[in-house]
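Listed next as structure tokens is one chain, alone, in the form predicted alone.
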Amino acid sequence: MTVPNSPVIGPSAVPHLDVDPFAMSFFADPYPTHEKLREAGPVVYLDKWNVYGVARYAEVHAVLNDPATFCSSRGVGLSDFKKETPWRPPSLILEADPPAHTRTRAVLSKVLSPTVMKQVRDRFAAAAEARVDALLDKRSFDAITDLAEAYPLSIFPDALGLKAEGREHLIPYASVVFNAFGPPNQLRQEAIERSAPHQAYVAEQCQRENLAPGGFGACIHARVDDGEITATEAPLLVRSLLSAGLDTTVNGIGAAVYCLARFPDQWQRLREDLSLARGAFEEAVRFESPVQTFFRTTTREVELSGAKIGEGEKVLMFLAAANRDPRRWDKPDSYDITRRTSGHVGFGSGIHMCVGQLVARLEGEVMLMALARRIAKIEITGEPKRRFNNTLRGLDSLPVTITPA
């Protein structure tokens, strides 16, 4: 993988930082570095990977909302698709710009519309209740494998129309996709080396003949008949849904349970008022930021908050740092389920906002309601373990014990 050019040096030179946001030590505890990045200036330069970085809310939001200047079609990872071949066919959603992006995005927005979410809500809520029943029988369990992963896997692949066999590839596949946005470090190399069976499974499942009628996948393929997309584009759009609809939810639910177990006063608040479930999930996404970073590439020379950035430069957005920027949030380092979280960038912002966000929000909300209705207490009973990934932040393991209400 090539590393982009050196920065424009001159009066507009930005602060250079010797920070590696893809190092294991950074993943273990990113918060001190996030503060360092925010305090260094509105735009910084990371010498380790020769990229610009933005960690304050205002600049992250500005980059996300100017797709004409900060494009996605050259890759939303460190790799620049103009200079090298992508490791897999680019996403028609994540790695595309208007007008191409507008057309394909419109199809997914229809398939996952608020109306469709209303139609599936009861089914998703019933699956959440069933999962809580199973957990109440156990009392002690791993909140990641037995809850944050098990619940979405019990409902989302069915809603998509996937066959029962082979679903064990889904979470490893999403992990590969998000590791691949990083630099050529060990995480990325190992993920891509291991990816062949996961990629093969996903490619096959995205074909029309393998998807059950009436599911989200079949609905996408039906748009081919309407002439909205081509037969080549349809499987790639189903693939986008597979990675967008699962990992965000798994990490989001894991983050919410981790927060509510650590802050029992917030758990109590939720138990007293179930209408706070959506807010509790949303605040967990802001507070923990399951998706930590994304890149954009400049399409022209641009000035951002006084810093001049040349054309063809990679800009790394620290979504997690923006979500805890004291310039934007009051008491950003506290988890408060009554906070007005609108505007957080945990699902991105602008035209590329996470396409699976409505699914993630629905699953997060119904699961937290089911838990709060039936459980009096969640206690962490073992050492939580992190799952390291170049883009995502989440836990690999969270041993808990619950007390029934």
Ligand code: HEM
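One-based numbering along the sequence shown. All values derive from a computational prediction rather than experimental measurement.
As for the form predicted in complex with this ligand, it is not shown, yet the points below apply to it.
K.L.:
Report the residue, out of Ala58, Ala376, Ile380, Ile351, that has at least one non-hydrogen atom within 4.5 angstroms of this ligand in the model of the complex.
P.N.:
After the contact test, the surviving option is Ile351.
K.L.:
Pick from Ala244, Leu147, Ile155, Ala280: which has a non-hydrogen atom within 4.5 Å of this ligand in the model of the complex?
P.N.:
Going through each option in turn, the one that passes is Ala244.
K.L.:
Report whether all of Leu37, Thr297 and Ile309 sit within 4.5 Å of this ligand in the model of the complex, measuring from non-hydrogen atoms.
P.N.:
So, no: the whole triplet misses this ligand.
K.L.:
Tell me, please, which stretch of 266 to 274, 165 to 173, 297 to 305, 105 to 113 lies within 4.5 angstroms of this ligand in the model of the complex when heavy atoms are compared?
P.N.:
This holds for exactly one stretch, 105 to 113.
K.L.:
Verify the contact flag for Tyr52: yes if a non-hydrogen atom of it lies within 4.5 Å of a non-hydrogen atom of this ligand in the model of the complex, no if not.
P.N.:
Flag for Tyr52 set to no.
K.L.:
Is there a heavy atom of Phe347 lying 4.5 Å or less from a heavy atom of this ligand in the model of the complex?
P.N.:
Within the cut-off, so yes.
K.L.:
Could you confirm whether Gly252 comes within 4.5 Å of this ligand in the model of the complex, counting heavy atoms only?
P.N.:
Answer yes; at least one heavy atom of Gly252 falls within 4.5 Å of this ligand in the model of the complex.
K.L.:
Are any of the heavy atoms in Leu260 no more than 4.5 Å from a heavy atom of this ligand in the model of the complex?
P.N.:
The answer is no: Leu260 has no heavy atom within 4.5 Å of this ligand.
K.L.:
If you apply a 4.5 angstroms heavy atom cut-off, which residues in 357 to 394 are near this ligand in the model of the complex?
P.N.:
Heavy-atom contacts to this ligand in the model of the complex: Val359, Ala360.
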